[in-house]
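The data below hold one chain only, encoded as structure tokens and taken in the form predicted alone.
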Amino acid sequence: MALNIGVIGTGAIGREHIRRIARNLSGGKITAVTDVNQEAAKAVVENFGLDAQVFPDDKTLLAQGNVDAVLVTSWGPAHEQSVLAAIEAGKYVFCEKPLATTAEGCRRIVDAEIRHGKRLVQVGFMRRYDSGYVQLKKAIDERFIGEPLMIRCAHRNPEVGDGYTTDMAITDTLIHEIDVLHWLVNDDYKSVQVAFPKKSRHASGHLGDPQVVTLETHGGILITAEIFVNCRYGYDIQCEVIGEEGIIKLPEPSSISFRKQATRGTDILMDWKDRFIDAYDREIQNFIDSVGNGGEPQGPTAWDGYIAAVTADACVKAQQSGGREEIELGEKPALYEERTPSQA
């Protein structure tokens, strides 16, 4: 039996998830949609040929819709209220990042889920489903290079619009590294510092670009993360883990090599959607599979969303202070302790 899914927010990412569920994935069916722009919601239903009802808002969808789970793909500031309403209704929920726009909002979601007594929430940190990161995780867990000592990584975009601000380098860009690196080493962050090298002439006047973020974990791992959002040459994600007995690197995206006009090389991607399209498919399929039989989501939890928000806040504070800022999470709730799928 298919998992009946409601979609809250039919903008770009909402339409993409609807497309993959309707055309690429198995086990899920879109049965309800809502958006602040009702005409846009109706157009999505018509364009994808969905047998789905359009509702005026999220609470009506949750109360009256034929849904087992919801995707929250609306405007970021609206995420918190939709996720809280879904938890109150006892519905599974996949929420695109951010889980909430503040750490306090994320904590309210964590507390609501704890009161419910069961994991219902998965956060859309798709890099955990990228095949390259999965290989890194396996190697680290199996101690292929011994204990990790340092990590060097980079998040580079060809360019950003004038509306992109210095803090967005953390909240919109580095946020993915914050989550996936924490997952890779399974070690909470302790502190952060941010440095600004010589500024690129391609950056807007109000934007500090590039930036270098230095994170330290409680276990002593030192992470340096470069954020360079006007690098011009392509969309480039790098990650190198230095261990006691070797080094492992994130593999490059698959691409043909060429010889042409006295040049030998390979193409570099320019669009983040092309880089992680398979990961998006895998994360939504995993959500459908894990909750379709009444289990719990197996992906990033509400606590992971909280970790990312607290860490991002400390990073932004470090941008402004120029000093070392502490990262304080508090004790991890028992609900989020690691468990095998059979324990869910």
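Numbering starts at 1 and runs along the sequence shown. Because the structure is predicted, anything quoted here is derived from the model rather than measured.
The same protein also has a form predicted together with a small molecule, omitted here; what follows describes it.
Remark: of stretches 140 to 148, 102 to 110, 194 to 202, 168 to 176, the one touching the small molecule in the model of the complex is 168 to 176 (heavy atom within 4.5 Å).
Not one of Y92, R128 and I288 places a heavy atom within 4.5 Å of the small molecule in the model of the complex. Though the small molecule is absent from this view, in the model of the complex it lies within 4.5 Å of a heavy atom of just one residue from H182, K97, R119, K190, which is K97. In the model of the complex, the small molecule stays beyond 4.5 Å of every heavy atom belonging to N230.
Among residues of the shown chain, T217 is not one whose heavy atoms approach the small molecule to within 4.5 Å in the model of the complex. Interface membership of Y133, defined by any non-hydrogen atom within 4.5 Å of the small molecule in the model of the complex, is ruled out.
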